[in-house]
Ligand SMILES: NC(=O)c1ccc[n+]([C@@H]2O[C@H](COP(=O)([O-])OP(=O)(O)OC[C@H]3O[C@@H](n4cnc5c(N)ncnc54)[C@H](OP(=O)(O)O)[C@@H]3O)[C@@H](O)[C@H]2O)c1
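Just the one chain here, laid out as structure tokens, in the form predicted alone.
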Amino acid sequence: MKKIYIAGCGGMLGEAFYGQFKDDYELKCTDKDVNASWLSLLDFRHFDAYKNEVITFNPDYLFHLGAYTDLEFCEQNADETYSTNTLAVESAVYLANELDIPLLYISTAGIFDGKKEFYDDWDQPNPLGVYARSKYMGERFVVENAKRYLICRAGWMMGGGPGKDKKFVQKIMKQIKDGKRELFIVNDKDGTPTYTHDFAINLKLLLEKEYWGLYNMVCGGQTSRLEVAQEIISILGIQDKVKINEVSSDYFKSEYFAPRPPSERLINRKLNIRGLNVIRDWNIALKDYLDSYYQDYL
């Protein structure tokens, strides 16, 4: 078996990667938050510890997954964000080059300014806030310095269920679980959901074919926050019990004050051209996600 070292594996994406790769590869999965039996402790911001772990394991691939993704936290803690989301990526590049192995880095649709309706793999990013800038600087460092790499840009991530999902789907599901019968959903934010397991499956395909480079990797179909919320209500069959009120982003400006692009819609142009896009449409993946992780939640 080939070996993969997965740093920052404690979140929703790490859970999917562990599930999709564990049977075919020898894995070493680490995180600063050890929240599963298959994880061990490592804070990848500590370079000497990161180096010792990776060199000792001597993997065939290095996956660098972890990052701060709470935009408000990032705006208020810029130095800690750059340490985690940017400088630690530079460490990962150094280690991958030292071992002469490919590096995986996870980027985001949030690095664009939202002035276009959608973005392909070759569009020029223009990050708006600290989170977006920290991720884009990591992306640039990988492109400019790594010997072999995969950079995969995700959209609105969903996965991991109630225990690991801190994003939009879980926030909606928690409100419903808590008995909310009116939801206030923004009608001015467009994007593309990305199911973690579909993402991991498509990444595995690229890895095994050795198609290195930078790829947009999101579910099919363009949508919005409003449409995703409506689809959740429809899948759950509670249209007659829960009312959705459309609001602008200004409604939440005190809570969500970090700058966000109006459009984070990505298209998987490179994957499509190469005939390697195996990610399902977002509504199909959303139903699979809810069926798989939320059966006994409500």
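Predicted, not measured: the structure shown is a model, and the values here were computed from it. Numbering starts at 1 and follows the sequence shown.
One more form of this protein exists, namely the form predicted together with this ligand; it is left out here, but the text below deals with it.
Trainee: Thinking of D33, S107 and K166 as the candidate spot, does this ligand come within 4.5 Å of a heavy atom on all of them in the model of the complex?
Mentor: Result yes, every residue of the spot touches this ligand.
Trainee: Which of 121 to 129, 99 to 107, 171 to 179, 143 to 151 has heavy atoms within 4.5 Å of this ligand in the model of the complex?
Mentor: It is the stretch 99 to 107.
Trainee: Of the options L27, I233, L271, A67, which one has a non-hydrogen atom that comes within 4.5 Å of this ligand in the model of the complex?
Mentor: If I apply the 4.5 Å criterion carefully, the residue I get is A67.
Trainee: With the partner left out here, check for me: in the model of the complex, does some heavy atom of D60 sit within 4.5 Å of this ligand?
Mentor: Judged by the heavy-atom cut-off of 4.5 Å, D60 is well away from this ligand in the model of the complex.
Trainee: Looking in the model of the complex, any heavy atom of M157 within 4.5 Å of this ligand?
Mentor: Although this ligand is absent here, M157 would touch it in the model of the complex, with heavy atoms inside 4.5 Å.
Trainee: Taking this ligand as it sits in the model of the complex, is K51 near enough to touch it, meaning that at least one heavy atom pair lies within 4.5 angstroms?
Mentor: Answer no; every heavy atom of K51 is more than 4.5 Å from this ligand in the model of the complex.
Trainee: T84 versus this ligand, in the model of the complex: is there a non-hydrogen atom within 4.5 Å?
Mentor: Taking the distances in the model of the complex, the answer for T84 is yes, it comes within 4.5 Å of this ligand.
Trainee: Residue by residue through 28 to 52, which ones have a non-hydrogen atom no more than 4.5 angstroms from this ligand in the model of the complex?
Mentor: The stretch 28 to 52, when checked against this ligand in the model of the complex, contributes D31, K32, D33, L42, D43, F44, R45 at the 4.5 Å heavy-atom cut-off.
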